[in-house]
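Taking the form predicted alone, here's one chain by itself in structure tokens.
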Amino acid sequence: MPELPEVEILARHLRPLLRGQTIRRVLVRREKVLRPTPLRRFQKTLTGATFTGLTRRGKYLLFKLKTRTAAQPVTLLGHLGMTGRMFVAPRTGSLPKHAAVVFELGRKRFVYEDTRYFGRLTLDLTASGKLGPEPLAADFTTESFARELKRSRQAVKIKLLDQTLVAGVGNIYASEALFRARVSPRLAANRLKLDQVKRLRRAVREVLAGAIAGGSTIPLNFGAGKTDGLFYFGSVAGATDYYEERLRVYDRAGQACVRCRGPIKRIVQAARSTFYCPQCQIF
């Protein structure tokens, strides 16, 4: 599943490609991804609308559009789900088999493709309104972070995945941040000491900023014949401009810890894999 860095990189890539483009036709091939927005409202609102901006909130993409009738800009919320891709391509090419929504933009088209249809492209903004602070923003403070952690008895790894605590932290970066902070993923959130909270906040920001910095230097493309695409860290070995993300614990069970050389361990928490070093991350 794409996490915050991948979504941020995609937002930066799509922003200049879409700005000023007008949607001439809205083609919906899978109504499920619009929920709860009705198909008719979706098509009526967006046909003739012009893209004016694109931002990210957590793992969501927020497209700003100026419509033909509304006085205020309209926001379109996008989520990639587990397998989604969003890209701009020439209109002359054939559509992917799993294209869920297509915006015709004249000579080009904006395509939202999703093989499993767990993502969303909707006018309903309820999900983004429930999110906690952005981890790289100023309002993600040590004080607010500590206060929210104190309210939970959940294991800190599980609590980090709560999007109302901090927006956009996913499974990979939760494991990575806990390792950097030397905090056990099994420790109850309300048992973290202030020094541990400070280290964990700093680690969350470092791993996310590092992933964005590394991935943002890579062109989003699939090689010959393709002009656009969605970049996933470490998923296309051998391809042009491949960048392998430097993960220290995630998916490294049984391998040597980069600090102590002891074996990395994998456990399951809330049906998700957690990777950590039992020697460096004391319970």
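Predicted model only: the values in this text are computed from it and were never measured. Residues carry their position along the shown sequence, with the first being 1.
A second form of this protein, the form predicted together with the DNA, is not displayed here; the remarks below concern that form.
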{"property": "Candidate from L125, M82, L194, L95 lying within 4.5 Å of the DNA in the predicted bound form - any heavy atom", "result": "M82"}
{"property": "Interface residue in the predicted bound form among R116, R91, R147, R202, criterion: non-hydrogen atom within 4.5 angstroms of the DNA", "result": "R116"}
{"property": "Which of 204-212, 178-186, 153-161, 99-107 lines the interface with the DNA in the predicted bound form (heavy atom within 4.5 Å)", "result": "153-161"}
{"property": "Non-hydrogen atom contact C280 with the DNA in the predicted bound form at 4.5 angstroms", "result": "no"}
{"property": "The DNA contact in the predicted bound form: R12, any heavy atom under 4.5 Å", "result": "no"}
{"property": "Contact of P5 with the DNA in the predicted bound form (heavy atom, 4.5 Å)", "result": "no"}
{"property": "R246 within 4.5 Å of the DNA in the predicted bound form, heavy atoms", "result": "no"}
{"property": "The DNA in the predicted bound form - contacting residues of 1-40, heavy atom within 4.5 Å", "result": "M1, P2, E3, R30, K32"}
